[in-house]
Every structure is written in C-alpha cells, then in structure tokens.
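Before any questions on how it binds or moves, here is one chain, the form predicted alone, in structure tokens.
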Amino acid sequence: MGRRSTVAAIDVGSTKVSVIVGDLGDQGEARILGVGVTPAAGLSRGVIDNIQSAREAIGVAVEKAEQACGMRILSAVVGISGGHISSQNNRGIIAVPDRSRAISEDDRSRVLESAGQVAIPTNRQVIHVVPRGYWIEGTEQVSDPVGMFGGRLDAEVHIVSGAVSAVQNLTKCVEGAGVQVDDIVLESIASATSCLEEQERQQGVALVDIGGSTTSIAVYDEGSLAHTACLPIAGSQLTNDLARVLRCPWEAAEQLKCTVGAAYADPSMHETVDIQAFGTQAKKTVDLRHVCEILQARSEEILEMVAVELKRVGFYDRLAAGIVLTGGTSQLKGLAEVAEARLAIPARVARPSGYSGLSDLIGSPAFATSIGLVEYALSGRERVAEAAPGPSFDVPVGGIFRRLASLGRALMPQ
C-alpha cells in the first residue's frame, strides 16, 4: 500500500467477508479509506470448510477495497473466530537478581514469556498472550513495573489458543487471494477495541458479538482482558427457526427477520405480513406476533448460553457495566431490552466508534469487528503480545507489526 501508516483488515465472517483499509487521521483516530464487502462462502460455524470458495470470496472483497481506496493491498491483519477457540489465565514469576537495579523492559519481557509458557496439545497453537497485571514481591497490582524496585516480579496473562488447522486454513485462503497475513487477531478482541468504553472495562463488562454462526465473548475486569469464548449459536439459527416453523425459503425468513422481526412478542401485536412460501401458493400471510415469538425463543436461548458461560468462569456477578451487544444480529429490535430482563444486568447495543470516514457505509454493529481490526492495528494501546510457536508470517519492512516487539506495550489499563 502507498503509505507506511496504512493498514488493511480482513474479517472473514459467516455471512460476509469485509475488507477495510485505513490510516491515522488528523486527530489520531482510525480514518477509513476504503471498504470491500462480499457475501461469505466456504465457511461453517466460523471456520473454513471450503478453501476454494472462501479464497474466491476474500479475493472479491479485496479487489473491491482496492478499487475504493485506490491502493494495492499487500498485507493485512485478519480476524479469527470459531468454536475451536479456547482461553485460560496463567501466572509467571521471575527473580530480579540485583535489587539495587530498577526493573527493566527485559525483565518485563521475561516474566511475560514465563507466564505464557503453558502446555497445550500439538494440534493447537497460542494466538494471543495478553498481560493482565504485574506484582512486585506479591504487593498490590501495578500496571507497569518498569522503573520500580524489587527482587521478584509476577505477571498474570490471558492466553488465547486455537486449532492449528483452523489458523492454517484461514492463512492459506488469505494468501491465496494475494494478501500476506500480518497478524491473526481474535475477533472478539477486535470488536471490544471498537465498541467498549474505558469505564466499562474498568468496572467489568462482557462484550457479546452475535454474528451469523457464532457468538463471541470477551470479558474485561479491572481494565484488562479476563476471559474469551466462542459459542456455536448466533443469527443464522434465528433465520433457520423462522424458515422451518413458517415453512418458507431461507432468504424470505432472513428478510422477514431483518425488516420486521423483534426479539420479543408484544401482546398488542395484531399485524400480519406476507412472505414467500413453498407449495402451490407463491405467498402466504403470517401473524407478526407469531414471527416475534419464534425469534424471542431463540434470542433468549442465546442470551442464556452467554449467561451460563459467564457464570461458569465466575464473572457474571462482577459485571457492573453488564453486557455490550454488537455484531449483525444485535440489530434485532428489542434484543438489549430482552437481555436486561432475562439476565438482570445492564445491556446496550454498541456501534463501532473512534474512527472517521465512510460512517454511512460501515457505522452499524455488523462492522464492529472489521473496524476494530483496523483500530487494533493502528493503536499500540490495544496491541497484544504473541508468544509460543505459531504460524510464521514474513512481515514486510515498514509494516506496523513486529512479532513480540510489543511485549512491553501490551494490552494494559492506562
């Protein structure tokens, strides 16, 4: 691409592939220069199941983005999701030999490397190692130990891992479209980058990105990433329910969901809607209330699964800021209200923020991940450090990413 500060992001979703090109604006924000979107192909539940179809869809989206921004896309940061994603927290400890010497950046890097050393199966690889906090000789947590004094340094990190095959297939598809992979980023972290406010991170919040086939969760506690997960249920299940119960084509059910659907059934609803149908009749009339009852049942199931996951890891009662909904399915009318009623915690629907340009095209929650990937790439504040063996990516000179170079400037509360 033409400018050293310019980055590209590729979000290979279940319903669409979006490619966004951006750079730093005058106010330090992400400025969007071009967008390319095409219907997804070759994916199932967040992972690639047909490399040829996925590669072609990515290639079309890349070409559209290139035409929109007038630059050639040579490399990009790529989002990853899917049921194969898992996470854990781990702590590392190192000794500082000379107490008279202040803790250095090298010491910080060593303790992060120690904390990131976990045993994982050979068919899995570490994607992110995100620092959560530091402790000097077991005292109160500090945000940055560099320059302080002590004989022992502890660090706790959040480790995200994924299936090697899923990472390799995604990388192969992107490279097959003529784009080198700068970095692989968990999509829920990217969405959190574009949607969450700092106060929400500090007081405890769960980012819930409800996409087409998967629901991604990123929990922040006391300003740092505490838990990530991916559930194999999302918006496509709502559409499938409508198609099966109403006995109509999938496309008609999707349109019905997006245009008049709601996550709750109001007893005062008496309207009817016409939809395409199978059989001898080209169309049929259905009650809108019945449509919403179908959507409500599945919406509540998704929200209950999110609650179960949050309770399982012990963060449900720590979310003072509640949950923040984003992703394409979060646009379903009344979903935030249903979430508050069912989960008894605050909820809101978030659009991506912190960027400029083309907001009329990409200002919806459906593009939270795509914009978050750009903001993540441009902002050292949101960089996460990688550790342990992973895919080998040859980063071009002048590229924004340097493997392991950001260990000391990793994701930490400021």
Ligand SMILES: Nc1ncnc2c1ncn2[C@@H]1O[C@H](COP(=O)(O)OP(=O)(O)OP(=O)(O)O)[C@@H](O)[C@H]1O
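Heads up: residue numbers just count along the shown sequence, starting at 1. Take the two forms, find the largest set of C-alpha atoms that superpose within 1.5 Å, and that set is the rigid core. These figures come from a predicted structure and were not determined experimentally.
Another form exists, predicted together with this ligand; not displayed. Remarks below refer to it.
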query = Okay, which stretch from 309-317, 211-219, 264-272, 340-348 lines this ligand in the predicted complex, with non-hydrogen atoms inside 4.5 Å?
reply = 211-219
query = Though this ligand is not shown, can you say which of 296, 171, 331, 125 has a heavy atom within 4.5 Å of it in the predicted complex?
reply = 331
inquiry  = Looking at 258, 245, 146, 142 here, can you tell me which has any non-hydrogen atom within 4.5 angstroms of this ligand in the predicted complex?
reply    = 258
query = Do residue 13 and this ligand come within 4.5 Å of each other in the predicted complex, heavy atoms counted?
reply = yes
ask   = residue 131 near this ligand in the predicted complex, any heavy atom under 4.5 Å?
value = no
message = I'd like to check something about residue 235: if you look in the predicted complex, is any of its heavy atoms closer than or equal to 4.5 Å to a heavy atom of this ligand?
response = yes
key: Close approach of residue 366 to this ligand in the predicted complex, 4.5 Å, heavy atom   = yes
inquiry  = If you apply a 4.5 angstroms heavy atom cut-off, which residues in 161-194 are near this ligand in the predicted complex?
reply    = 187
ask   = Do you see a C-alpha shift of 2 Å or more at residue 349 between this form and the one not shown, with the core held fixed?
value = no
